[in-house]
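Read the single chain below, which is given as structure tokens and is the form predicted alone.
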């Protein structure tokens, strides 16, 4: 292992340069952005796979989707096969004026590399490509079989992944899946994610009038749509922060036993947490106070108002607003049925319209939560590898976000273990302006991957 680890150290600066080049490609997968950069990014990924010695490298296509990039190395007779997943598409750049350096011109400042997609998730793809390269260039072989799947529409929900799996299942058959697209609890603290929240959302639209009217002549008896909308939104939670929708928590699995013990041992500093989220000085933590912050983020449902459409302040006048709408999102947790949760949300938003207003509710997404018991050979192997790579004991954590494809991807191969390991940290600002990667943890992640490949998973 010494020679392989030394290869990572010797070539690390080259890996940083390659990531910088990779992240200059504006591979945004959202509607309204050009498709060409996604193809360019897929081709860059495939070229890198071939350079390091992977075989059967191809860009596989499904109508309507960016190319999927696959490749493999399958010469470790009798050894298990790992499916190494990452994605090369990225979020939109956001507000240019908020970036300290251009989103698609990555810049190294101190121990961080700044740029769109550097941590989510192009570093995740290159982490495993660097680790495989280190083995093949020093030993000429791997101790395990590997299959790569690098997709190009994760940021928009992996809409075509199910069809892709049905069509190309034989190309991806594996014993263990390693997904490198989650976070560490803190900088330098290796973390294995074992639970994800699901998501339901809906659009609620309110109309009180057929046109705007003068607020002086009609204000008082004539209700404005924005005030009605605010009343509806205010009903979503109780003053204590609990979801107010009847029976919304039906089926929710309680946190108990070893899981509760693990949560209680995780480090937490409220002042540090508030700094990490960029809280204003007067801000207090929200949510159900009887639960810890980690429980509120990972193990409890949580509502958010994602956006409101109404007249812009700078364009408004003294009129009573006739129409307004909002997008409402609720994160759901293990045991809750997404479709039932969505139906309950929509029914609640539409019920008893204030002031007799017309209310229309348009259902949106209904994504599954995911949870696994992080015990067994594969999880033990991952924890050992993380400890060796980072030089400290790893922690088991949840994630408040959603990765909808994790469950169908694992189930497509008979319920194989899924190891969710990532590079994000509380300061990386993934999805926001000034996204960044902490380079020392990227190197430690590569070392952990080397150790992971050497495990026997039995």
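Positions refer to the first chain, counted from 1. What we label the rigid core is the largest C-alpha set whose atoms superpose within 1.5 Å from one form to the other. Quick caveat, the model's predicted, so the values are computed rather than measured.
Just so it is clear, the following notes concern the form predicted in complex with a further copy of the same chain, a form of the same protein that is not shown.
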Assert contact residue (a further copy of the same chain, in the predicted complex, non-hydrogen atom within 4.5 Å, options 264, 360, 279, 105) equals 279
Option touching a further copy of the same chain, based on a heavy atom within 4.5 Å in the predicted complex, out of 310, 253, 79, 74: 310
Is it the case that 208, 234 and 354 all touch a further copy of the same chain in the predicted complex, with a non-hydrogen atom of each within 4.5 angstroms? yes
Just to confirm the contact call: exactly one of 342 to 350, 105 to 113, 226 to 234, 160 to 168 touches a further copy of the same chain in the predicted complex at a 4.5 Å heavy atom cutoff, so which is it? 226 to 234
Please determine whether residue 138 contacts a further copy of the same chain in the predicted complex, using a 4.5 Å cut-off between heavy atoms. no
Even though a further copy of the same chain is not shown here, does residue 38 get within 4.5 Å of it in the predicted complex, heavy atoms only? no
Please determine whether residue 147 contacts a further copy of the same chain in the predicted complex, using a 4.5 Å cut-off between heavy atoms. no
Can you work out whether residue 431 and a further copy of the same chain are in contact in the predicted complex, taking contact to mean some heavy atom pair no more than 4.5 Å apart? yes
Taking a further copy of the same chain in the predicted complex, which residues of 260 to 297 have any heavy atom within 4.5 Å of it? 273, 276, 277, 278, 279, 280, 281, 282, 283, 284, 285, 286, 287, 293, 296, 297
How about residue 219 - superposed on the rigid core, does its CA move between the shown form and the other one by 2 Å or more? yes
